[in-house]
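In structure tokens, one chain follows: the form predicted on its own.
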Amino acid sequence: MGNIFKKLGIGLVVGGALVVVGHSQELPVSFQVLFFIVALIGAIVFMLLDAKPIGTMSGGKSVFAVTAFWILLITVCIAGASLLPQFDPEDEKAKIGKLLDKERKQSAQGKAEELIARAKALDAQVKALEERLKGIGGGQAATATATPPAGDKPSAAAGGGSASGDVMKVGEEQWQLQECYNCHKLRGEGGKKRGPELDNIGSLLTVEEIQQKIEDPKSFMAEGYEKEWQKGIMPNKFKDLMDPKEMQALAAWLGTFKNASVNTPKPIKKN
């Protein structure tokens, strides 16, 4: 019995060591749990080697014993696997779908350009008509028609608050879509020590500088992250995954975070 506890103790120590190593390498929690389980299974196998041999059975009893053993083994494997963190394909499909939306929109760019050209042509015709009206003394009427009443509010398309809100929404969506939270901590969430906390980044960089950092990760280095900067931990791929407006929206959204109580490392311009 003492030998069993000894081997179980060794399995727990090995499993704990694997978890510590996995955590230090920032592996997912599911991998760390898997390493620990494998170590325990190894300990159990060594325990079984010390077990007393089973006595001789008749044909019927041996078939029943083997069948029961395999049913138990399959049940344990299936039940144990169901307790581990599960991969959610629907979540990944949603992220891929959003990334592909940009490609779909670009495929319709030809039609959009045609509509823009027609709109410009119509605008030119309207301006020509206004000039003709001015020439025959109808300039005041044309101006009165084109000018909205004093009490009317500007529309969102004319640069109202709604447009700004849309930019912030796109910026936050890009933060989630590009999974920036895997490396950076923001509002107390995310981060795996690969990148600095960003709650005060808006006080240290302008929106243009934040966008430059996203587009060219080597352009700025955060104090205390020299090794990560040299290794190129931040991938140089976002300029291909986001169009300029999406990247600008993400930078504008990050620029609103100016919480001086959070120790965001000072960015150092490198090139």
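Sequential numbering from 1, following the sequence displayed. The model shown is predicted, which means the values in this text are computed figures rather than measured ones.
There is another form of the same protein, the form predicted in complex with ligand HEC; it is not shown, and what comes next is about it.
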Only one of these stretches, 36-44, 22-30, 54-62, 206-214, has heavy atoms within 4.5 Å of ligand HEC in the model of the complex; which one is it? 206-214
In the model of the complex, K266 touching ligand HEC (heavy atom, 4.5 Å): yes
Can K185 be called a contact residue for ligand HEC in the model of the complex at 4.5 Å between heavy atoms? no
Does E179 reach ligand HEC in the model of the complex, with heavy atoms at most 4.5 Å apart? yes
I'd like to know whether A249 contacts ligand HEC in the model of the complex, with contact meaning heavy atoms within 4.5 angstroms. no
Looking in the model of the complex, the residues of 35-69 with a heavy atom no more than 4.5 Å from ligand HEC, listed in order, are none
